[in-house]
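Shown next as structure tokens: one chain only, the form predicted on its own.
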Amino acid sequence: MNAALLQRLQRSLAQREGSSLRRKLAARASDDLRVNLADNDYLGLSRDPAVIAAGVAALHEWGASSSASPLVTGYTVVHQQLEHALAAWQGYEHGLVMNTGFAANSAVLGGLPKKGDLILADRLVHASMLEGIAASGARLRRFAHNDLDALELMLHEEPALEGVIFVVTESVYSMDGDSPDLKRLASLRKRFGFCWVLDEAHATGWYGATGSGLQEEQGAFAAADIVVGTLGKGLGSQGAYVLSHAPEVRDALINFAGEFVYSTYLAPSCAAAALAAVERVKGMSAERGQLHALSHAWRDGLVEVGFAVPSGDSPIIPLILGDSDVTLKYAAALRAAGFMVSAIRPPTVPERTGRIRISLRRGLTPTALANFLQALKGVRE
């Protein structure tokens, strides 16, 4: 190995180590009995019998891999059925399955905006969105998190462009668990005519009468021009998708997105499992109120023992502790007490906002909450 390269890597890693920011992999065992408050399987569908059975049946029918890129032979009737189901469920005409959420956001925002366009993005949009934007060549302006007054001011400030204005937001933000006013965003879109790209990844399954997401929940059904979502969170499978009202968006991704064109496609078993999960989510309408009540109960409990957490009813609760060493201390204590948690530190989140990201899931009991609060108090004492 080149000595200069090794020294560079060693310096970078030592710097991360010295500031308690070095990331390390830890393999998870299938028989880990700790209460899982770390992953995004909010509805527990990755272990759902109907979802597993659909995946297993597809494994027997199609094998373990798609074995090719989608434009060769990787695209199957299962992928096509999933696209149609997702689009109809969320109120769109066209859908395209992608390999990962990162690839989907990167492809949309790296390929659709061009030099001469303007992108107005929430300050806390996901890294996948920012990577795509950086590759696009478009000019970027970022508005304060969930501050739609600031967004509206930017829209008034910008002169008439020959290019396109894109507005980029999420529905539920992955590290803070909060949301913008989607009805107001829809109103701004109607007034100013921008192209609205919305990431619904963390809302799917948790919100809406049929579980399709926060657009449905807030009365802004199918208002965004383009929606990006994932199959690996609320739907318990793996992969992602892009939905649009215009067929040209799907065709452009098929023709120009390297993330779609040049990679072996998502396995048919994952698509089949997600297809079954969509039907399971639709049938959970009566449970969604219970999920929101669960979120309220955890937030109220954390406030009662002295922790400041934002109000809301999403599955994500940020327990912001600030210093990275303190965050690691809390994470270690919670793991020892029987909880699977992650210490989220910069650069994933802004400086001095290290946190335990509590990820709620269907089936959590009051006992789990009581034990979690007891463990937190133990660290403080």
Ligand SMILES: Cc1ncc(COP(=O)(O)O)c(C=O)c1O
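Note that residue numbering begins at 1 and tracks the sequence as displayed. Only a predicted model underlies this, so the values are computations on that prediction, with no experimental measurement involved.
Form predicted in complex with this ligand: not shown, discussed below.
Put simply, of Leu198, Ala201, Leu86, Ala107 only one has a heavy atom within 4.5 Å of this ligand in the predicted bound form, and it is Ala201. The contact residue chosen from Gly239, Gly236, Gly132, Gly211 relative to this ligand in the predicted bound form is Gly239, the criterion being a non-hydrogen atom within 4.5 angstroms. Only one listed stretch (254-262, 271-279, 139-147, 226-234) carries heavy atoms within 4.5 Å of this ligand in the predicted bound form, and that stretch is 226-234.
At least one heavy atom of Glu170 is located within 4.5 Å of this ligand in the predicted bound form. Using a 4.5 angstroms limit between non-hydrogen atoms, Phe221 is distant from this ligand in the predicted bound form. Shown alone here, Phe194 lies farther than 4.5 Å from this ligand in the predicted bound form, counting heavy atoms only. Of the heavy atoms in Phe307, none are within 4.5 Å of this ligand in the predicted bound form.
Applying a 4.5 Å heavy atom cutoff to this ligand in the predicted bound form picks out His126, Ser128 from 117-133, in order along the sequence.
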